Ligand SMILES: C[S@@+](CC[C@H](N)C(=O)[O-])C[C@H]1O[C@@H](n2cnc3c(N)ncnc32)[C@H](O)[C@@H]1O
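Okay, here we've got a single chain as structure tokens, the form predicted on its own, with questions on binding and movement later.
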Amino acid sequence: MNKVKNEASSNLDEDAFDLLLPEKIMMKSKRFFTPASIAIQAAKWLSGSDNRNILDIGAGVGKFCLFGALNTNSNFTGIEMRSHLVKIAEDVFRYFGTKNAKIIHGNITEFQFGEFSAFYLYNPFHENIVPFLRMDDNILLSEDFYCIYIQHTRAQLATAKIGTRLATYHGCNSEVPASYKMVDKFYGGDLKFWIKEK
């Protein structure tokens, strides 16, 4: 953490964030963590004109939650299976003194979405079906888990209230229920915004 001066959080950018990470994780940042500009754009859209409770599924080192917390008044919660990434996220949140961002160590299948009104997914389950793109071997990954995670996430999103917002970055969006309508897309369709309509 002492690699970066404790400058105003509003000046935090991609490179400054990466310097907060251990070297082994920093080398994987561009592949596995949301770019800062996309995190800010998605967080602002998910927040809308309200202060929402936003869930980041597969939060990694908490990058989306941090940039969201620093640029909106919403509350951000990340859920992540890798305990070493959870520890990094906790350290980063503490470093910036962010009160509206937290991370939970856990499996998405043991997590209920009821308290959240907006969701962010950066293709969180893809590692399970593409072995050569895995971040590491610290958790068990498989095609069976992929199907289980997709089904659970889709079922939880389906029970959300009408008006719930969802942002997806990359992926085939198979976790998005039919009750959600895509209302906008950016970056060649990689970033999509959805609203639950029924």
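Counting begins at 1, following the sequence as shown. Given the structure is predicted, the values throughout are model-derived calculations rather than measurements.
This next part talks about the form predicted together with this ligand, which is not shown.
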Contact check in the predicted bound form: G114, A160 and E175 versus this ligand, with a cutoff of 4.5 Å between any heavy atoms. Do all three pass?
no
So in the predicted bound form, does any heavy atom of M81 sit within 4.5 Å of this ligand?
yes
**Asked** Wondering, does F119 line up within 4.5 Å of this ligand in the predicted bound form on heavy atoms?
**Response** no
Considering non-hydrogen atoms and a 4.5 Å limit, does this ligand approach A101 in the predicted bound form? no
4.5 Å heavy atom contact, F125 to this ligand in the predicted bound form:
yes
Checked 48-69 against this ligand in the predicted bound form; residues with a heavy atom within 4.5 Å, sequence order, are D56, G58, A59, G60, K63, F64
